[in-house]
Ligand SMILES: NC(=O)c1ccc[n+]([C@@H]2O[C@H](COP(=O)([O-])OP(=O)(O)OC[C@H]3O[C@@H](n4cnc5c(N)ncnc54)[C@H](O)[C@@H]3O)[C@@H](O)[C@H]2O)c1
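Presented below, as structure tokens, is a lone chain in the form predicted alone.
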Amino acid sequence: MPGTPAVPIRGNRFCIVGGASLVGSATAGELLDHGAAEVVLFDNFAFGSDAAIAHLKDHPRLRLIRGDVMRIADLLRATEGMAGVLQLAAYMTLSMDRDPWGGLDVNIRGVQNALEACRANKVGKVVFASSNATYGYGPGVAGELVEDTPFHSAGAPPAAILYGASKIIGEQLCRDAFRKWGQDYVVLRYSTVYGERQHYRAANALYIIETLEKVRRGEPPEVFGDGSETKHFVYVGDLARANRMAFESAATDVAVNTSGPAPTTTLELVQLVTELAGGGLAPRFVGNEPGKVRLTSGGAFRIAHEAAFQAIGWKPEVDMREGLRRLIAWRDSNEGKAA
């Protein structure tokens, strides 16, 4: 029906900006499996990798375009004729710590460039990958995090605050585009993503990989503090499904959380990884390393995902045990190589 925000997958073309990534490759597979006529992966490979998309590279309906979000001409070329665009390209917290100016350029001007390209090419719908970092970090972040929870910055590392603030601005650029020229969009606030083709870019997801590698080497895994610190992870396959459902839904001008089924403490996480890896030494409790960026809530919290079900019909399906089992199996079958 003309004018509806819903964009069917079958028979339509989609561009994933920042596509050579963990979430990008999983979403490309999801869209192709549901009948997309073509999926374009747009990436400059500063953070993306060939390994992340190796399993897709020979797919007849997949096309790779090397380009940069800081060059609007590249985005205009990539988004031409697209029914939907998934905006993933971003600096994450560890990258933001190393290069804050570059991160702000990509996370703000890059998003604006993508939206301008979508306007010029009359793209039907944009799905913007935001983050639970929009709620901030530190001792004030605890309890139930819902979509109207305010941003909290006290006591958190500067890079984490810059990242969260850049995602808030990206969301507002989407809102601005909707209000000024009717660009339909859905914002999905991802919690920490993990799964097959795991990368080394996210501070919290890196904790899984570091734990696994220590167990494999016969070393005691490390638990920060007393192990009660909370993390909330979401399996990459669940997120790929959320991205697809956001396109397909009639929802627009909305921002919702896409989190995993339940939070876990760092001690529970380390014990689970150790068990699934076949056992190992008891964990070693340690303090913070000076200068190392770590993201902490300062208390137990849950990222509510009920609004996502109301808006796009999505809820997570893969629990932490099953998701970690899949990740470990993938790493073992790929000789420990990560994207």
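Every value quoted in this text rests on a predicted model; they were computed, and no experiment measured them. Just count from 1 along the sequence shown to find any residue number.
The form predicted in complex with the ligand is left out here; the points below concern that form.
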| property | result |
| --- | --- |
| Segment that reaches the ligand in the predicted complex - one of 154-162, 113-121, 187-195, 172-180, heavy atoms within 4.5 Å | 187-195 |
| Output flag, L212, E229 and L269 jointly within 4.5 Å of the ligand in the predicted complex, heavy atom basis | no |
| The ligand contact in the predicted complex: D68, any heavy atom under 4.5 Å | yes |
| S131: touches the ligand in the predicted complex, heavy atom cutoff 4.5 angstroms | yes |
| Distance check, P316 to the ligand in the predicted complex, heavy atom within 4.5 Å | no |
| Contact label in the predicted complex: F45 to the ligand, heavy atom within 4.5 Å | yes |
| The ligand: the contacting residue among V223, A240, V106, M96 in the predicted complex [heavy atom, 4.5 Å] | V106 |
| Contact assignment for the ligand in the predicted complex, among C15, L327, M320, A20, heavy atom within 4.5 Å | A20 |
| Any residue of 76-90 that, in the predicted complex, places a heavy atom within 4.5 Å of the ligand | L88, A89, A90 |
